[in-house]
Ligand SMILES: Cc1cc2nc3c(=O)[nH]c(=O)nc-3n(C[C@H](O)[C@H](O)[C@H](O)COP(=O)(O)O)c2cc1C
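This document opens with one chain alone, in structure tokens, the form predicted on its own.
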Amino acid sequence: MSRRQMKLGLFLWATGHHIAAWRHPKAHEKAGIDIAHYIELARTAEAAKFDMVFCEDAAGLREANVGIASQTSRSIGFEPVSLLSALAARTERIGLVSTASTSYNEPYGLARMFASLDNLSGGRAGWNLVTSASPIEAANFVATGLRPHADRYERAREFATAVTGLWLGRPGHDGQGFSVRDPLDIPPSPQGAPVMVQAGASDDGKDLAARTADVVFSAAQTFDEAKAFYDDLKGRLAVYGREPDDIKILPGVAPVVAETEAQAREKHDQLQELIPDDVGVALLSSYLSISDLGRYPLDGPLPELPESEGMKSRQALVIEQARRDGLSIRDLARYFAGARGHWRLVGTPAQVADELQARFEGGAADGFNVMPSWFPGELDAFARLVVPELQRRGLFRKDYEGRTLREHLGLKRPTREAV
């Protein structure tokens, strides 16, 4: 029997995931609207045999009051399914996953869009289901405010049922929130249906993932946090007649890697020095759903906060880190700005590989969603230094064995009975 191998996704984000990536001296400030830039990134990931590239999306500006230059750099970009359709024509094997919201779409249109991408790419598409937690997005859809968390997930459950039914050829849908009469006007792709991806970490989010997801992105700072999430979600699958390997859990990781540890630390510190305090605090405020965090002393502790109707799981993760590590608001903001609450790794190829291997073999991950601090530099470093080390250890493929995203991930072809 061949050794279990980790899965790798590349999380695309214009100039990079660090809030100050656009200020890096080698960054491409207009990366968000440069198709050649994205083609280069996708081809680098494909050459390194990544399972997929992933595009996040929001139906509006991502964070309020983060600073004009930083906001412009982070928010300007192509609509992701359009972008991935272009990348499908310039790549051959790598999976193509995009976010789309159940709050601001309708099932038939979304199902048709992703089925088209799946056929255009030869069976490499995936849909990252989100419910949209930002009031900034809600304001762009004549909404009176952000829908309550439970209401968003109730809509998402029926939405997912309607979409997967359309993909698998089930005739019609007549439910409380949606009515769909016609089947899709496009046949199934070579992988049967797009891969379903989710990232919710609340109880509602984990239940929805256990019912419908093939891949789950997550955020965890420590091994214990990652292990607890992994065991919790895998333990929910049996209720829905599913096996533990039916879902691949890929925590986010933001690596900064160099030939020596000192060089890696220097690269990381240089990026951290580019973060203005007001930008870091504004970013932190947006994820904590608090508008006036800057009025508190920056060198003091994080205040007690009410529970959010927005990103509940991310708010809890940030608060837990602040309490656990005794971080001031300034320290927390600077840390959070580096990877938005995801796990950061700084070190040599062997050190980074050691940490990834420990979580993978320790039952805390099936792989990782890689979040380079700035593009293309940190992607190039990971592909050149870390991927060969993982391959040498037998932890990652040296070549693709299939052509579809489901084949890369080792996922079953979906059946109509699974809807």
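Owing to the predicted nature of the structure, the values given are computational and were not obtained by experimental measurement. A residue's number is simply how far along the shown sequence it sits, counting from 1.
FYI, the form predicted in complex with the ligand isn't displayed, but the following is about it.
S.K.: Is Q191 close enough to touch the ligand in the model of the complex, meaning at least one heavy atom pair within 4.5 Å?
M.R.: No, Q191 sits far enough from the ligand in the model of the complex that none of its heavy atoms falls within 4.5 Å.
S.K.: Is E389 close enough to the ligand in the model of the complex to count, meaning some heavy atom within 4.5 Å?
M.R.: No, E389 sits far enough from the ligand in the model of the complex that none of its heavy atoms falls within 4.5 Å.
S.K.: Can you work out whether E29 and the ligand are in contact in the model of the complex, taking contact to mean some heavy atom pair no more than 4.5 Å apart?
M.R.: Taking the distances in the model of the complex, the answer for E29 is no, it never comes within 4.5 Å of the ligand.
S.K.: Consider A201 of the chain shown here, and say whether it contacts the ligand in the model of the complex, taking contact as heavy atoms within 4.5 Å.
M.R.: Answer yes; at least one heavy atom of A201 falls within 4.5 Å of the ligand in the model of the complex.
S.K.: Have a look at 202-210, 261-269, 160-168, 238-246 and name the one stretch with heavy atoms inside 4.5 Å of the ligand in the model of the complex.
M.R.: It is the stretch 202-210.
S.K.: Of the residues F114, Y230, F217, W343, which one places a heavy atom within 4.5 Å of the ligand in the model of the complex?
M.R.: Looking at F114, Y230, F217, W343 one by one, just F217 meets the 4.5 Å heavy-atom criterion.
S.K.: Only one of H149, K234, R334, H173 has a non-hydrogen atom within 4.5 angstroms of the ligand in the model of the complex; which is it?
M.R.: Exactly one listed residue reaches within 4.5 Å, namely H149.
S.K.: With the distance limit set at 4.5 angstroms and only heavy atoms considered, check whether Y287, Q315 and S328 all reach the ligand in the model of the complex.
M.R.: Spot residues vs the ligand: no contact at all.
S.K.: What residues in 347-372 sit within 4.5 Å of the ligand in the model of the complex, counting heavy atoms only?
M.R.: Residue within 4.5 Å: N369, and no other.
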